[in-house]
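Only one chain is given next, in structure tokens, and it is the form predicted on its own.
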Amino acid sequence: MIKDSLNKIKDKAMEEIKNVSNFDLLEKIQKKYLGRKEGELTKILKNLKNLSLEEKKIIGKLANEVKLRIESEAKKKIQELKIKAEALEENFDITLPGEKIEIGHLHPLTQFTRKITDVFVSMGFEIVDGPEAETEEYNFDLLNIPKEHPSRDLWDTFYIKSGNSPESPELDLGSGDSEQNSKNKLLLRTHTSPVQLRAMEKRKPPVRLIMPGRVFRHEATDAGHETTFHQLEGLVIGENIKMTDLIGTLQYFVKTIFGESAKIRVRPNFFPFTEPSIEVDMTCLICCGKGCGFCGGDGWIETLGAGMVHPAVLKNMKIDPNKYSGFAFGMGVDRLMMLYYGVNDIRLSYSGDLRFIKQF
């Protein structure tokens, strides 16, 4: 029995030594079989005390032969590895300079998002986040957007087909009218406004919140439009919050990011979740307001939408609109980034082209 074990150890050791490719591994193999404390051969020799004197002589001799054979094979392998190492050194010029390893950096969208969030944080805003796969209730209903509103049109929203798992969702480009036509039907959020609702479930006024994040819309792509892009929305709720507070906040933001020469223009607009609602334009930095191809000759760039939070939305947040008021704003981070860095095509941000990313 012990003879068979010794022969098996020899065969296994010889095979492993034959296939070894470096000195470190060879050393481990030697220790595995010939180690003084835990070596395979040592473990077997510990059982010799149970054998007769005649058996001890036979087994002892065989064990010594196995040990010598393994050591001999290991020495041959050491010489073989040395020869290979010397051959490699002869073909390698150690004076050659090493290859430069490129260090990665943040994507320009990430850089710009951090830049604008820093401005709002300096004004006391808190950054909050929420899910990208949202329900109709949070994305539309609670924001005072009824079922028939145009923003729920099939060209705007990516719905997730019923029965899909979150790990492998399948998109539906329809309007959401299906057997699972309910407030809990899943979709890819079309704006970051749902984060406001979720955040206010755990907070009470006064609050100052910003919600940066990725949003999705079923749009035709061109130099100024993408199906996936980034927004940053803001929400302020407290007592005696006025439209002038909103305009002052946005004016401070624009001047901090784009310089004192940047001006804003406020125009009336309509959003179902704010009343009154405004559109905010900024002077074109390309032509300094004189008019050019980038701004369509107007001298102004459409920058963001904003307004006073609609009383219905405040009620949906379980906030008394008779006691509290607030304002909200939403801006397209991609377009502002393009204006800040002088990028002429929004699709470059999602192309994965390193030539674009390395510019910043």
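Remember, predicted model here, so these are calculated numbers, not experimental data. Start at 1 and count along the sequence shown; that's the residue number.
FYI, the form predicted together with a small molecule isn't displayed, but the following is about it.
Proximity of S193, G305 and A328 to the small molecule in the predicted bound form is complete: all three residues have a non-hydrogen atom within 4.5 angstroms. The candidate stretches are 77 to 85, 107 to 115, 266 to 274, 284 to 292, and the one lying within 4.5 Å of the small molecule in the predicted bound form by heavy atoms is 266 to 274. A heavy atom within 4.5 Å of the small molecule in the predicted bound form is found for exactly one of T157, Q231, N144, T249: Q231.
Interface residue among K161, R217, H149, R214, judged by heavy atoms within 4.5 Å of the small molecule in the predicted bound form: R217.
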